[in-house]
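Form predicted alone, single chain, as structure tokens, below.
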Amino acid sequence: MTIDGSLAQWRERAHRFEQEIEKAVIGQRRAIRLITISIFTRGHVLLEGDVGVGKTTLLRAVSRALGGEFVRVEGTVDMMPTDLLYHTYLADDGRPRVEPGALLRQADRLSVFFFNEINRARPQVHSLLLRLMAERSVSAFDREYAFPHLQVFADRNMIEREETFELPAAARDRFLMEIAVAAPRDEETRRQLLFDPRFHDPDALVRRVEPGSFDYRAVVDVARAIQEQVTASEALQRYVLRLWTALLDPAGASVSLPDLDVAHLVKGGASPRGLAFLVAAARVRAFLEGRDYLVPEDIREIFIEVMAHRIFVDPIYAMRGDEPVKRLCRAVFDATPTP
């Protein structure tokens, strides 16, 4: 491990990172904590929330505090995979030119890539994005471009259905978490957002964030060290295995919900990869809480964000959105004894 300082120092830097983001974004403390967990887990993120709640400002603030470069693209129905990679234009001599796009130009310095309205793009674009996420590399101009520090954030248009292409199960499973970014509920925060002029200028808000709370290029090593040093007791391991069993066979684990047929509810998605992501994210949560061992609360705190978007239910319940899955997750916790 090549890390400048101990994990304790990195914990302090992570907390300072969160404090810097809160200079630009208020009322989103839980979303900021979950994003911090995803960064040190090295996982990509789906963002869920209405338009106008500040998702782009949040990610710009994250990028500034993290260091590295930020790129945002808009999903459109006519977007092709090449549009992610190449910039085409007519030069002054009237001839067409093809040059690397913003993604390729930033490659090894890119830390945050925001794909807004990913479900407006066609499946061919999703395929390229999945390779970028999984391998952190793409081929272009007859060479390989590496993205060693890349973290992808994607937002879905959840309101309009026309000209949208829902992410397939395999694509959703590639994302570590789905994080809700909702409008703040407390009255004082809402008052500030409406009447304090500083919240009406996103550029000025982002400039309040001190750049580079830590070196984004060191996150890979820090993330590896967290996974190696945060331990899970045998009791905790049995607890996670019981949760997994209950998700796969809720009726067999005596889980019940009044208006759901839990015996036929889950059709897939509670995979080993999903549970491995869960444990990895829980280790980072423990690290941020100042422990080098897992407790059940670490699992509970991030369970819905890590698991809900990768559990697929019978189509008869799918029209109800993620509500049945979230209720199932809570019922599984209620039915599983805590060690």
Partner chain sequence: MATLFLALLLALPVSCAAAQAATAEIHSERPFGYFVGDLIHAFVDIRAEADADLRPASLPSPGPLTISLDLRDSRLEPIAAAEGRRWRLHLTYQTFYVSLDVRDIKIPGFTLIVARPGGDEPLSVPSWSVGVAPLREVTPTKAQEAVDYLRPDGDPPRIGERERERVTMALAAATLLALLLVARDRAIPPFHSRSVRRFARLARRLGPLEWRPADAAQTIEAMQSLHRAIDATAGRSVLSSDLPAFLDAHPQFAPAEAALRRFFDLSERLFYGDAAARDDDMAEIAAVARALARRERAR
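Predicted, not measured: the structure shown is a model, and the values here were computed from it. Numbering follows the first chain given and starts at 1.
The protein also exists as the form predicted in complex with its partner chain; that form is not presented, and the subsequent description refers to it.
Undergrad: Given a 4.5 Å cut-off on heavy atoms, tell me which of 268-276, 61-69, 296-304, 33-41 is the interface stretch with its partner chain in the predicted complex.
TA: Contact-bearing stretch, as computed: 296-304.
Undergrad: Indicate whether Ala183 is a 4.5 Å heavy atom neighbour of its partner chain in the predicted complex.
TA: It does not: once its partner chain is placed as it appears in the predicted complex, Ala183 has no heavy atom within 4.5 Å of it.
Undergrad: Just checking whether Ser6 would be counted as a contact of its partner chain in the predicted complex - the rule being heavy atoms within 4.5 angstroms.
TA: Close contact is absent here: in the predicted complex, Ser6 is far from its partner chain, nothing within 4.5 Å, heavy atoms only.
Undergrad: With the cut-off set at 4.5 Å between non-hydrogen atoms, does Gln192 touch its partner chain in the predicted complex?
TA: Contact with its partner chain, no.
Undergrad: Contact with its partner chain in the predicted complex for Arg29, defined as at least one heavy atom pair within 4.5 Å: yes or no?
TA: No, no contact at 4.5 Å.
Undergrad: Quick check on this chain: which one of Ser233, Ser254, Thr88, Ser127 has a heavy atom within 4.5 Å of its partner chain in the predicted complex?
TA: In short, Ser233.
Undergrad: What residues in 308-339 sit within 4.5 Å of its partner chain in the predicted complex, counting heavy atoms only?
TA: Contacting residues: Phe333, Asp334, Thr336, Pro337, Thr338, Pro339.
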